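Just the one chain here, laid out as structure tokens, in the form predicted alone.
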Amino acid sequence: MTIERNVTSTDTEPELDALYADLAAGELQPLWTITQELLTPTPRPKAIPWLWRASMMRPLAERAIRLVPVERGGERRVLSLANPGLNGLPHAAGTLWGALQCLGPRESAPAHRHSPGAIRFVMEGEGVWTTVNGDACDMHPGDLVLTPGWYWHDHTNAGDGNMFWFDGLDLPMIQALDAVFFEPHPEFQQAVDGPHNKSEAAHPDDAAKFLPGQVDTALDPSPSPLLVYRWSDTSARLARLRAETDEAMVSVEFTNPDSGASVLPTLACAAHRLGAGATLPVRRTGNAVYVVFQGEGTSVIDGQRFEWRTGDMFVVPSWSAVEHHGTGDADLFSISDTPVLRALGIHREQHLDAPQRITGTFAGAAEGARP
């Protein structure tokens, strides 16, 4: 026989208060009070949709070139994208680092390596190369250069002008996994092993470097052996896709030529050509950062309108609905953490069948500085 005890909240309140106090003192938390915070119906990233304007970043980068030397300790002259939703962290999104790196004439950034993987997408400049494990990869606007995790790398500007590129890293993700390692090279710069662009010479087949759309089957824990992907090849592939369809946007993902997987086990890199018209909105788990290589257009992210042009950068947080609108050719580059979500079986995608209702237009702190 079960005897039920009827007690009022008044009867139990002192005991509950004591229980919660003792739980807190023991570094414990009662799940029944936080379930809805932990198990949300859909992802609730702390990062918010945001856009960083070139008209704001470029002058600051030029001032930094003039005022801040590149040397051991600081290692790099980088302006990190700090998402306002992340409480001051220098991260574009919860899992992604994005930044504008700049190198002045005749400067070199010291050699080091780290467990986070990184990519470089060149925005502007000539005469620069990144040496990756001894392979000097020449950098030109629109080129993608890989510096996989724990590969030695340094940057050299042998030209007379400034150089600007986008840095994308999985650093926040690797930090969350408590797996960050860093090591400076014994020398300021590593030795170049033979002629420049050795990995490129070893992988001449352009067809193996790209996949229309996005990788959805191949997974590879190893990084791509090809370290540099040329804009001329990327643009040609996008042009062929554009000729084959009347869709508003065509996309290619850069791939590991040996396996067909994403270029890094933690990062997917893609290029997009947006013509006249609009894409239908799509939601994806995982974060993405976009870089406007050339042209202008508009993206609607969770109902908020973002107008962008050459050099701007913007972030699409996990499960945010995004659609793109163009009036002519515009080229964008993007990184995402999709390979990790796919490897863990938690990648999810939802295509919506109607444009979003616009609820606001982005007006960042630097809006007034835009020409």
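In this text the structure is predicted, and so the values were computed from the model without any measurement. Start at 1 with the first residue shown and count on from there.
In what follows, reference is made to the form predicted in complex with a small molecule, a form of this protein that is not presented.
Between the options Trp97, Phe164, Phe210, Phe121, the residue in contact with the small molecule in the predicted complex by a heavy atom within 4.5 angstroms is Trp97.
Taking Leu171, Ala270, Val128, Leu226 one by one, only a single residue has any non-hydrogen atom within 4.5 Å of the small molecule in the predicted complex, and it is Leu171. The shortest heavy atom separation between Arg284 and the small molecule in the predicted complex exceeds 4.5 Å. By the criterion of a heavy atom within 4.5 Å, Val78 is counted among the residues contacting the small molecule in the predicted complex.
The shortest heavy atom separation between His112 and the small molecule in the predicted complex is within 4.5 Å. Contact between Gln101 and the small molecule in the predicted complex is found at the 4.5 Å heavy atom cutoff. Heavy atoms within 4.5 Å of the small molecule in the predicted complex belong, among the stretches 149 to 157, 253 to 261, 270 to 278, 286 to 294, to residues of 149 to 157.
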